[in-house]
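Next up is one chain by itself, shown in C-alpha cells, the form predicted alone.
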Amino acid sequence: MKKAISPEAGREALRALLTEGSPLGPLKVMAKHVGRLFQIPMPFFHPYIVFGPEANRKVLVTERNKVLWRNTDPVTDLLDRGVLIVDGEEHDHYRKLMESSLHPSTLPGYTDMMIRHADRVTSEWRDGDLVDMLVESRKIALLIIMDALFSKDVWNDLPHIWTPILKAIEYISPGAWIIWRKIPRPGYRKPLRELDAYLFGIIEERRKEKEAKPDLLQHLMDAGLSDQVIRDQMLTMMIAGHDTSTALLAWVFALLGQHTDVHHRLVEEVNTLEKPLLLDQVIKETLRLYPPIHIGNRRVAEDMEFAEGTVPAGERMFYSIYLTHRDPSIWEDAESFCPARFAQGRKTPPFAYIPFGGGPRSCIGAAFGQAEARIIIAYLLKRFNFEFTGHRIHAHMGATLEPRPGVKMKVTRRISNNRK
C-alpha cells in the first residue's frame, strides 16, 4: 500500500528544494522516507514516481505494453510522429529504419569525422581562455550528429540554428506547463518555425541530389516517408542525439574538475595506453550520477502492481533513472563519484544501472554516444590542460540533466601540432 508523506518528510523536501535549487533534492527525500513508489502531492499535478530494478524491469520489459509513451505534452507537440513518442507498430517501423545507421559496426567509420569536428571547435580556443564546456560540448555534439546522420556540415550554420535549437530544448523541458497544460508560452513560435524551415531545407536539398548517401536521412527517404514524418525523425534524432552527448561530456569535465586525482590519472592513461580502462569507468560513473535522460514519462494504460503499491490506469507515471542510480540500498556511498565501482569483475543487479533505458525501446544511439564520448574526451585531454574555476554547479532538470550554470574551465594547449 502507498505510504503517506509525513510532515517531517515534507519539511525536509522543502529544505532540499531550497538548498539544491532543483526538484531532484525533494525526490531523493521522498524516496528516503516513502520508498520506491510515491505520488507527488501537488494541486493539479500528482503523478506517481517509481524507481528501482523491479519498476525498471516492468516498465521497460515485462509490462511495457501497459504503458504508453505518447502524452499530451510539448514533447508530442514538437516531435509529432517522432520515433521517441509513438507506440506499437509505428514505433517499431521507424526504429527498424534507423538502426542500421547507428549499428555498432558503423562506429569505426565515424572516428575521423568526430575528431575533425572537435578540432574545428577547439581551434578557436586560445591559451588562457575561459571556456564553458557545456557550450563547447554542445557545438561538438551538434556538428557530429548532423554529419553522421544527415551528411550535413553545419559549421557555418551554427550561428543561425543555435538559438532555435536551444528554444526547442527549452520548449520540451519541465516547466509550468506540467501543472497548467494550456499556459501561454510566448517566444517559441518563431524559432521553432526557423528550425523546421532548416530541416525541411536539408530534405529538399537531398531530394535534388542525384547520388544517394548511406546515412539515416537517405534510409528515411528511400522508405517512402513523407517530408513531414522525415522531419519528425530528424528533429527527434538531432535533439536526442546531441543533447544527451552534450550533457555527458559536460558532466565528465565537471566531475574531473572537482576530482583532480582522477583527472590526473586519466590524463596519464589516455597519453600512455591504447585503451585506457579508467576512461570507460569515468564515463560509466558519470552516467550513473547524472544520467542525461534522468526520468521517463509514461501514461499508464492498465493498472500496474509493484511491491510497494499500485499505479492505476489513466495516471501519469515517471520511472526515475536518477533515483535508481543513487539508491543507497544498491550502491555503496551512492552520492560519491567513484569510477572504480565499475572496475572489471564488479557487477550490479539487473536493471539497477540503466543510463540508456532497457528492453526493446532502449536508446537507439547508446553505442554511438559512448563511442563519441570516449573519442572526444581522449582527444581533448591529450591536447589541452583543463583547470576548473571552482564555481558552484547544480543539476538542472531540462530535456536532459545538465550542469548549470555551465562548466567554466581555463584551457591551455598541451600539444600544438598533433592533429591525429
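All residue numbers refer to positions in the sequence shown, first residue = 1. This one's a predicted model, so the numbers in the text were calculated from it and none came from an experiment.
Form predicted in complex with a small molecule: not shown, discussed below.
In summary, the region of this chain contacting the small molecule in the model of the complex, judged by heavy atoms within 4.5 Å and restricted to 221-229, 241-249, 162-170, 329-337, corresponds to 241-249. A residue is said to contact a partner when one of its heavy atoms sits within 4.5 Å of a partner heavy atom; residue 253 fails this definition for the small molecule in the model of the complex, lying far away. Interface residue remark: residue 38 is not counted as part of the site for the small molecule in the model of the complex, having no heavy atom within 4.5 Å.
Put simply, residue 296 is close to the small molecule in the model of the complex: some heavy atom of it is within 4.5 Å.
Proximity of residue 321 to the small molecule in the model of the complex falls within the 4.5 Å heavy atom cutoff. Residues 118, 403 and 410 are none of them found to lie within 4.5 Å of the small molecule in the model of the complex, as judged by heavy atom distances.
Only one of the listed residues (145, 134, 234, 304) places a non-hydrogen atom within 4.5 angstroms of the small molecule in the model of the complex, and that residue is 145. Just one of 67, 352, 31, 60 comes within 4.5 Å of the small molecule in the model of the complex, counting any heavy atom, and that one is 60.
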